[in-house]
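Take a look at this one chain, the form predicted on its own, written out in structure tokens.
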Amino acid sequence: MLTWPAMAVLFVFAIFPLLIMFVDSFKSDSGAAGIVFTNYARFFSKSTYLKLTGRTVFNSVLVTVISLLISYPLAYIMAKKLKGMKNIIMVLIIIPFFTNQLVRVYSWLIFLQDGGILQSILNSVGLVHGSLGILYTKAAVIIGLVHAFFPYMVITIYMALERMDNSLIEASTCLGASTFTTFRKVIFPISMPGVISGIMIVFVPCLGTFVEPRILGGVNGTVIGTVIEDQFFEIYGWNFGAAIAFILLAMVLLSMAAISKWGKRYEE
């Protein structure tokens, strides 16, 4: 009975609005009566939306891979190599969470724009001559998304490595294993629960993000999230927007199920 108030709040503020959107997704924006499937048929019949779906998935995978490549060495150094400094580094990683998302994105906008700070630095050292041409490209979107999500990956991997018994590494070394073999057969498999959690925390939100692609990518940054935003706030095609939102929700649920199933093989 003690869980009933929380369940009631969850139903009223989370599940009930989703049910309303689900019903609206079967309504026609043209005003046709009854339940129709035109919104879903419209999405799957136009190659534009399918291409945007592929771009969204590709961006999410790329951001996840880059975040993993950046986060794992950093998390390992923090957990196994540093002593007093790891808390300071963790604070520096968490600090961006205390700033507004728009502030972070517009900071990257100023940093990456032609004539901005990055161009001035690269021109001064002779690496680049002229404009950068990074802003309003896919590269700018990826940079912004990696900056937004890689701290989650660092934290989950760090927690997994911090719990690992250092004697396992010492035993592997004493048995003659090389550094690479120790990492491949001892360290990485033990840290896989943290890696799986990090992949889920990064990949799933990337599927629905729209702020970074909208501001940093412009037209070239259009993804499914920006299409949904346009349907609700620009075009006012709420029913079609609801259908796309539920298609995206299905993608999210399938991704979570696949990642969870993959991660179960590494559970103790």
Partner chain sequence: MSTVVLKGLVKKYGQNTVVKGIDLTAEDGKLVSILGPSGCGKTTTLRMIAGFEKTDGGEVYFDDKPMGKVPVNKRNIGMVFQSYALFPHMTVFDNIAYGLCQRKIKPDEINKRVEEIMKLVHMEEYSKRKPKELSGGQQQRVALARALVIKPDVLLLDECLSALDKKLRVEMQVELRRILEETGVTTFFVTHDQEEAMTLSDKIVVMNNGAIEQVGTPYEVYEKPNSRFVAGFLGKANFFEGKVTNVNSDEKYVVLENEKGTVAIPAEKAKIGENALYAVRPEKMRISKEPKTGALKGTIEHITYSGNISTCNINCGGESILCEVTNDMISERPQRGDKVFVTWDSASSVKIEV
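Positions refer to the first chain, counted from 1. Computed from a predicted model, the values in this text were never measured in an experiment.
Another form, the form predicted together with its partner chain, is not on view; read the next lines as being about it.
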Go through 95, 171, 117, 85 and name the one with a heavy atom inside 4.5 Å of its partner chain in the predicted bound form. 171
Tell me, which of 89, 79, 105, 190 has a heavy atom within 4.5 angstroms of its partner chain in the predicted bound form? 190
Distance check, residue 175 to its partner chain in the predicted bound form, heavy atom within 4.5 Å: yes
In the predicted bound form, residue 167 touching its partner chain (heavy atom, 4.5 Å): yes
State yes or no: in the predicted bound form, is some non-hydrogen atom of residue 185 no more than 4.5 angstroms from a non-hydrogen atom of its partner chain? yes
Interface membership of residue 181, its partner chain in the predicted bound form, 4.5 Å heavy atom rule: yes
Tell me, please, which stretch of 125 to 133, 107 to 115, 143 to 151, 159 to 167 lies within 4.5 angstroms of its partner chain in the predicted bound form when heavy atoms are compared? 159 to 167
